[in-house]
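The form predicted on its own is given below as one chain in structure tokens.
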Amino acid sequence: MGLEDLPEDWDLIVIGGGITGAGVLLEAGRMGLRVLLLERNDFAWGTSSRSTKLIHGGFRYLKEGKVGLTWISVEERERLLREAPGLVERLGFLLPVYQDRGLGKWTLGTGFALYDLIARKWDHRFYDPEAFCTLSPHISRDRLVGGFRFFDAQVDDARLVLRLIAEARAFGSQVQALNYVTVHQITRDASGKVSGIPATDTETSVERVFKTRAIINATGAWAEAIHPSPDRNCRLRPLRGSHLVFPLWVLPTCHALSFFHPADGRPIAAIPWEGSLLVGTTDIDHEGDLVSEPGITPAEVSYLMEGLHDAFPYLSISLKDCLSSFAGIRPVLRHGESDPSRESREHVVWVHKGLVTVTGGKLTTFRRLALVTLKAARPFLPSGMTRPWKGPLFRPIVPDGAKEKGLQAPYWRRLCGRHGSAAEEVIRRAAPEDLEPIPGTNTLWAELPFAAEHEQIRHLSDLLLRRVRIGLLAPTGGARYLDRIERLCDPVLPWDEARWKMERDAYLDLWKRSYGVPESQ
């Protein structure tokens, strides 16, 4: 369904197709509302595809005395582990303890005990130096006191957004989401109350005006472009978090390894993800514009490589081995802190005559944030809507035909997590050779044509950077696979030969600019 096909009147319009907007869309749909989500770029284009891919309890917030935020985060982590298997998975962490840096054994132990108390299970353990080095043989042993093992969870952040949107669409035509639609302004009536929005499809230039009494601004770091903060002391501070992606063989591990950077003591992690190793993150003020695609800087590359070499001095990890990089802009609230890492990660909600702006917050707590936002919007919504849903996040998945196709159980679990009830269709339509993983990744070839047909692909970058992650996981963004990708997807995309060439050239140029690996400095 395109912009021109949509009804004019809506109970609620959501601007922003990241994790917060997608969460609001699903919860609003469950309340029986007629709700429309519009995203200026692609779904999850911003922060929600560029995180460290963790669903975590916020252990570091305990140090800041924010027990409540940690409590909510742990509860939501446990809920997602139960309700989204294959998409959100348990992940073990190792954290070394040294005599001369970072937090001490007893401080960390007390924090982990509280962490486990919230989760209602004892889930951490301290190891002496010898035992810890058995778990992490490549870690620096200089002044090593030992280390902890604890558990959090991992996610494909973009696929979480897409699954929320797919789940919301199951409510029928009353719940819609479109990407590549620009909202120019908020229109108001004579009394200043929200009355609607004009919108334009950025690809086709189709223009529409929609009517509504309630709008949720869920644009993250871009929120103040729609509605400036009413509090001069609480403004958005865009912070850039950048990552490097390596093949897993540079640091073979089944655990994520957390360590403190030698220069500033900030925590960094080396995390196994999708068959690769994700290293990050930085945390610095983003001085560039918020419209262009962000990328890692040479200084950030040097910072991350310095941390890796200090933590794992017995390995020769080289930037030449790096597969890709990515950078995201966090919507963090400014509270006068000079150090970006000390700024609060809590959310804020502003309400102004039918316009509800929500920003800040964490990936892990998206559902809580969606409910808080809808509660703030309630005075502007129809009185007959149902109460918030308290059941499972996703609908149960029916039995499959994976065994008939010879698909191994881990791949079926992964497909179900990422595609929900559509996983069976992915398999049913696939040729046997397309049920094999793309080399160096856990992605099946069959996922590409399915996503191209059903998940609102406008550009090749949508497919390779967000629907699947070949652009991050394969050398040179998967350039060697583009011919096969074109053969698989050509039957379901309305692109002629010239369009395919344009898309390939644009994708490779984008990858080089924003996802390649610049030289360190």
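Computed from a prediction, not measured in an experiment: that's the story for all the values here. Numbers follow the displayed sequence, beginning with 1.
Here the subject shifts to the form predicted in complex with a small molecule, a form of this protein not shown in this document.
Each of Gly18, Glu39 and Lys53 places at least one heavy atom within 4.5 Å of the small molecule in the predicted bound form. In the predicted bound form, the small molecule sits within 4.5 Å of a heavy atom of Val183.
Residue contact check for Ala430: none of its heavy atoms lie within 4.5 Å of the small molecule in the predicted bound form. Mapping the unseen interface onto this chain, Ser48 counts among the residues with a heavy atom inside 4.5 Å of the small molecule in the predicted bound form. Although the partner is absent from this view, Gly241 contacts the small molecule in the predicted bound form, with a non-hydrogen atom inside 4.5 angstroms. Of the listed positions (Thr281, Ser325, Ser258, Thr212), a single one reaches within 4.5 angstroms of the small molecule by any non-hydrogen atom in the predicted bound form, namely Thr281. Note on contacts: among Pro96, Gly196, Gly307, Gly220, the single residue with a heavy atom within 4.5 Å of the small molecule in the predicted bound form is Gly220. Residue heavy atoms within 4.5 Å of the small molecule in the predicted bound form occur in exactly one stretch of 362-370, 187-195, 166-174, 307-315, and that stretch is 362-370.
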